[in-house]
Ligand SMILES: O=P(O)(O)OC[C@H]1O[C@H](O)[C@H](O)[C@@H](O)[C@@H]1O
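Form predicted on its own, single chain, as structure tokens, below.
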């Protein structure tokens, strides 16, 4: 293994900015197929293409032994009554875990077993440290009126499997009903 130099990153708890870092952005057009109400998605996209979330990665080799870390910022918003969320993923190395430490905002973390038969939804709030065990897919949802910002730590060689989620979706969705945050079964979910 090549000797890698120690370094600091600076995390802004208010904005979620991680410096230095590599930013990835996801707009509604990038994740439109995940939302329940396709007509409402089309209506929003006819007017604008809102930024849904950003991930800012510290630059670490994607090799065994390293810990990758990043911030995720999910902006407030909805399509119809469905809150903005991340694409969600599994790890290519299923046996790897991840931790999300919430810095700001309110959210829900949806996790599903590989077959989708088991599903857990945890609250995300400032100071919460959510443990994502090996083998669980995971998606975060912003249920508040401000950005949901969290810091993620995972094995650098874990990899990201987005293709499975593209095919199946998640078994649960997080919606607003009568001013309340509710979790419901996803009628579009397809068993893997």
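Worth saying up front: this structure is predicted, and the values here are computed from it rather than measured. Positions refer to the first chain, counted from 1.
From this point on, the text means the form predicted together with the ligand, which you will not see here.
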| property | result |
| --- | --- |
| Candidate stretches 54 to 62, 141 to 149, 123 to 131, 40 to 48, one within 4.5 Å of the ligand in the predicted bound form by heavy atom | 54 to 62 |
| Contact label in the predicted bound form: residue 88 to the ligand, heavy atom within 4.5 Å | yes |
| Residue contact check: residue 35 to the ligand in the predicted bound form, 4.5 Å heavy atom | no |
| Partner proximity in the predicted bound form: residue 162 to the ligand, non-hydrogen atom cutoff 4.5 Å | yes |
| 4.5 Å heavy atom contact, residue 83 to the ligand in the predicted bound form | no |
| Candidate spot 28, 75 and 108, all three touching the ligand in the predicted bound form (heavy atom, 4.5 Å) | no |
| Members of 92 to 122 lying within 4.5 angstroms of the ligand, judged by heavy atom, in the predicted bound form | 98, 100 |
